[in-house]
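Single chain ahead, written as structure tokens, the form predicted on its own.
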């Protein structure tokens, strides 16, 4: 016996959050799965349904929120993984320590320097060849860190504040100086190539201690090392959907409101009576708190839209988040082209 059409639509398009589990989690959009539904992939149909909506972008914090609608979870996850691990950036790879009399060991210091995000457009550089120790202007950025701590002759006699007693006792990324290689000085300015933040603490020194270091930054991807990852976070979630199966009023409406995140449920006054109303289900965190109450759990239906993904991308500051998304799309397109080329070559063979 065939399932009712309404039930099939729900299984195909919604993930249901129940009291003791989550239903309809598996993808079912393949041919022949349901009688009367032609789920064969069609490019024209895909182009009609697929869309990307920019919800919010903050350049000052490097964050971007956008919706990707009309795709399968496998594609959304591939896109997320590319953002994390396959969009290239520039990062410190070689650290030449000529003098380090601080209490920070050379290995720890080199590791800290490697994790500093470097503001440099990786699209303007090439990958360094294997075994190349020196590097050239097309594949290497060079920084120098040369600083020595000394006593402040103007400090008061009774002072105990290190900031007043010592000079250069805190080593920050602002002390890293870019040393152009070849013709880089003609192509870039100091604003183009520098650490993303000036106030990242590298080490603490005391009088007589010094650092003399040269760093080589190269192009790489997060798949090789996390320091090359261009994003602090890249995640997605399905769009929540909250449906009221019955009218909820009075004290129950107030209780229902407090079961969800702020802004999801609001109280509407109708002829002097208070009714609960779903205002913005997007803000819901899907905690399922409402299902704890016997008097409410049958009045609300919690679901998520299967093909509606809410992406959140936070850049490390190397590139703006919208540029990172564009670069991730290019990487995904290149992977698809390579796969199609492999299919063509195998058919010829």
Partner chain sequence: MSHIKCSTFKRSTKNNFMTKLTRLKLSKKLWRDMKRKAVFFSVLTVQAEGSDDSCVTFVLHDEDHTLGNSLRYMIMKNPEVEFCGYSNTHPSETKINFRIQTRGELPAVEPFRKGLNDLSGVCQHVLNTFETSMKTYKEQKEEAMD
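Think of the rigid core as the biggest set of C-alphas that the two forms share within 1.5 Å after superposition. This is a predicted model, so every value here is computed, not measured. Residue numbers count along the first chain shown, from 1.
Unshown form predicted in complex with its partner chain; subsequent notes refer to it.
**Student:** Heavy atom within 4.5 Å of its partner chain in the predicted bound form: which of 102, 223, 150, 261 fits that? Just give me the one.
**Tutor:** By the 4.5 Å criterion, the partner-contacting residue is 223.
**Student:** Could you check which residue among 61, 40, 298, 285 gets a heavy atom within 4.5 Å of its partner chain in the predicted bound form?
**Tutor:** Comparing distances to its partner chain in the predicted bound form, the residue within 4.5 Å is 40.
**Student:** For the interface check, one of 200-208, 123-131, 262-270, 249-257 should have non-hydrogen atoms within 4.5 Å of its partner chain in the predicted bound form; which one?
**Tutor:** So the stretch in question is 123-131.
**Student:** Decide if the three candidate residues 52, 322 and 334 all line its partner chain in the predicted bound form, where lining means a heavy atom within 4.5 Å.
**Tutor:** Yes: 52, 322 and 334 each sit within 4.5 Å of its partner chain in the predicted bound form.
**Student:** Classify residue 82 as contacting or not contacting its partner chain in the predicted bound form by the rule of any non-hydrogen atom within 4.5 angstroms, answering yes or no.
**Tutor:** Flag for residue 82 set to yes.
**Student:** Verify the contact flag for residue 338: yes if a non-hydrogen atom of it lies within 4.5 Å of a non-hydrogen atom of its partner chain in the predicted bound form, no if not.
**Tutor:** Taking the distances in the predicted bound form, the answer for residue 338 is yes, it comes within 4.5 Å of its partner chain.
**Student:** Indicate whether its partner chain has at least one heavy atom within 4.5 Å of a heavy atom of residue 7 in the predicted bound form.
**Tutor:** No, residue 7 sits far enough from its partner chain in the predicted bound form that none of its heavy atoms falls within 4.5 Å.
**Student:** Using a 4.5 angstroms cut-off on non-hydrogen atoms, would residue 233 count as touching its partner chain in the predicted bound form?
**Tutor:** Taking the distances in the predicted bound form, the answer for residue 233 is no, it never comes within 4.5 Å of its partner chain.
**Student:** Counting only heavy atoms, which residues in 18-49 are within 4.5 Å of its partner chain in the predicted bound form?
**Tutor:** If the 4.5 Å heavy-atom criterion is applied to its partner chain in the predicted bound form, 18-49 yields 27, 29, 30, 31, 39, 40, 41, 43, 46, 47.
**Student:** Relative to the superposed rigid core, does the CA atom of residue 338 travel 2 Å or more between the shown form and the other one?
**Tutor:** After core superposition, the displacement of the residue 338 C-alpha between the shown form and the other one reaches the 2 Å mark, so yes.
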